[in-house]
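Below you will find one chain, with nothing else, as structure tokens; this is the form predicted on its own, and questions on how it binds or moves follow later.
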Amino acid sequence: MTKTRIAAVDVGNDSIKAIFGELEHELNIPNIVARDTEDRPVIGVEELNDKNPLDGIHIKVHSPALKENNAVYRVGHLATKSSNATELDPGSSKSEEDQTLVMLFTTLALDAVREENANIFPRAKNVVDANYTLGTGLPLREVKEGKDVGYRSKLVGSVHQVEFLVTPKYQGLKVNIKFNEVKVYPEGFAAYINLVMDNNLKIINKDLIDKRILIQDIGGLSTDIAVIKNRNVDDDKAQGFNLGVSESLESIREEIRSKHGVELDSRRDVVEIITRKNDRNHIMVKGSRTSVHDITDRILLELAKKQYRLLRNVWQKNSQTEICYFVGGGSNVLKEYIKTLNNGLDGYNIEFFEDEKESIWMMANAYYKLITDFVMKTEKQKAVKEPVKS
């Protein structure tokens, strides 16, 4: 019987976060791709296998789910060095972009080829056959539009192949990915699950369970505000907005380039400048430490005002709300600006996660809890239907 492995994958705009198996493997890869050719030159081929595979992901993807099949890509860190690197555009739908699927398949393939998984997935010559039970999610707006159904149907029932080309350690390997089951969750609901349950699905936040709360999840391309009451997400009142941090990060990147002549590889570099502990909002210009505070403050305060307006509008329609939790990578970027606005304006009861990793990994952790719960319940049902033979 074919073994299946649990995968919880959050395809975030900034990066993809994934948790596998029994929490024994995590991956975090920048969500950047660049079209390429199969014969990309490599300097020092003999040293290729000494390098980290995540620094040189070079693949060909075959899948009926893709609009452009059999294309060759540089992915993640390697793609940032390309002049034609692409990140997801504001206004695009995560469920309809090839890039979302390329990142998803790449991440699963990187897990499947690990030596530690040789006992799970059969390997014949250079081909690994991998079977996954996947928990993932989409922005609330896309789920409300029914796009989760089409997204899931692209994944199940087909074989998706990732072929590693000039990639350290894995060059020449092919991974055939099949899905035993795919669950696509609305991101706001997932955040709620993560707040109230631990990894063993035990309630850890009894105070929160019966409260009326909002969860404002600020992503790269969109913002979801989940409305929770009576332990459920109120689908009618929950709202998704086409407003994320990507456009603002792109504006900061462009302004730094035009004002200081410094070219940053990606939006991720901008996030690092804004959020790092030391030398925050500073860059090196011709070897000199230079402040870009004027650029970041102006652009991010403008975005924080728009996010605050969304909060105010949803709170007014749900006046008995007790607290709003801000989650997601975008919240981490805007945290100080939103706090300052709130202190000077309405003074809502709002909460941020001070632990940056907790905020950034919240969705992947939630999908892990949800898909694990699904697998456990499915196995229990099977055990009831198939009593042990004497």
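Start at 1 with the first residue shown and count on from there. Each form is matched to the other, and the largest set of C-alpha atoms that superpose within 1.5 Å is called the rigid core. Bear in mind that the values here come from a model prediction, so they are computed numbers and not experimental data.
We do not show the form predicted in complex with a small molecule, though everything after this point is about it.
**Q** Considering non-hydrogen atoms and a 4.5 Å limit, does the small molecule approach N332 in the predicted bound form?
**A** Yes.
**Q** Verify the contact flag for R253: yes if a non-hydrogen atom of it lies within 4.5 Å of a non-hydrogen atom of the small molecule in the predicted bound form, no if not.
**A** Contact with the small molecule, no.
**Q** Although the small molecule is absent from this view, report whether R152 comes within 4.5 Å of it in the predicted bound form, heavy atoms only.
**A** The answer is no: R152 has no heavy atom within 4.5 Å of the small molecule.
**Q** Look up in the predicted bound form whether T167 has a non-hydrogen atom within 4.5 angstroms of the small molecule, and give yes or no.
**A** Close contact is absent here: in the predicted bound form, T167 is far from the small molecule, nothing within 4.5 Å, heavy atoms only.
**Q** Just one of H160, K174, R268, R141 has a heavy atom within 4.5 Å of the small molecule in the predicted bound form. Which one?
**A** Of the listed residues, the single hit is R268.
**Q** So the small molecule isn't shown here. In the predicted bound form, which residue out of V182, L221, I225, L104 has a non-hydrogen atom within 4.5 Å of it?
**A** In short, L221.
**Q** All three of L249, G328 and I360 touching the small molecule in the predicted bound form at 4.5 Å, heavy atom to heavy atom?
**A** Per the other structure, all of L249, G328 and I360 touch the small molecule.
**Q** Which one, 109-117, 279-287, 303-311, 241-249, holds residues whose non-hydrogen atoms are within 4.5 Å of the small molecule in the predicted bound form?
**A** Among the listed stretches, the partner-contacting one is 241-249.
**Q** Please determine whether the C-alpha atom of N194 is displaced by 2 Å or more between this form and the one not shown following superposition on the rigid core.
**A** Result for N194: no, shift under 2 Å.
**Q** After a core superposition, would you say R267 shifts its C-alpha by at least 2 Å between this form and the one not shown?
**A** Yes, its C-alpha moves 2 Å or more.
**Q** Comparing between this form and the one not shown on the rigid core: C-alpha of I218 shifted by 2 Å or more?
**A** Superposed on the core, I218 moves its C-alpha 2 Å or more between this form and the one not shown.
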